[in-house]
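Take a look at this single chain in structure tokens; it is the form predicted alone.
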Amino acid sequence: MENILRQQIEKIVPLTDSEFLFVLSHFSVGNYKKHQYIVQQENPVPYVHFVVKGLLKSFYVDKSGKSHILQFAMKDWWITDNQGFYNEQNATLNIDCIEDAQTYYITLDNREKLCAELQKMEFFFLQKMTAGNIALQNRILSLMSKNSEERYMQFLQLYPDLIHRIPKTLIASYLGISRETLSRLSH
């Protein structure tokens, strides 16, 4: 399990064994069951999570009760409610487990201490945040400019393994289409 986190970090910055142990000391391990929430709207967001196994989703529930999925997170991905976590505010999003999951998680305080003491980790987190912002920009542009079939084909291209792990109702929500439209597209 530790190797997954180390490999994630070392894709961007090299670490000695002692540096990795120092990094690891700032994280805790979380084990979660299918359907368990790790973040809930209107509650504090104490952690950012690195997914070691399982599958999670972040979503927003609007005033009419409709869910809007922003992100899926699988092994080797990071997930949190960024606004709540970094601004130390209550969550605007929910994050729950589609499958049983295991994560490494870190508090904002521990993240800041880690970055202050090991500069290369600040660079690592900056690179991850930049990649996340680019992905979010691409997702927004896709929702604004592509039709439902194009969004579905893009989903299949980007996440070929997820199509068999996620219920079709959740994929439809992520794509911003009805379940019926998704059924038509997937045949």
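The structure displayed is predicted, hence computed values, not measured ones. One-based numbering along the sequence shown.
What comes next is about the form predicted in complex with another copy of the chain, which is not displayed.
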Going by heavy atom distances of 4.5 angstroms or less, which of Val52, Ile69, Val48, Leu162 would be at the interface with another copy of the chain in the predicted bound form? Ile69
With heavy atoms only and a cut-off of 4.5 Å, decide whether Asn110 touches another copy of the chain in the predicted bound form. no
Hey, in the predicted bound form, is Lys63 touching another copy of the chain, heavy atoms inside 4.5 Å? yes
Is there any non-hydrogen atom of Phe27 lying within 4.5 Å of another copy of the chain in the predicted bound form? no
Hey, in the predicted bound form, does Glu122 get a heavy atom within 4.5 angstroms of another copy of the chain? yes
All of Ser148, Leu158 and Leu182 with a heavy atom within 4.5 Å of another copy of the chain in the predicted bound form: no
Partner contacts in the predicted bound form for 65-87 (non-hydrogen atom within 4.5 angstroms of another copy of the chain): His68, Ile69, Leu70, Asn82, Gln83, Tyr86, Asn87
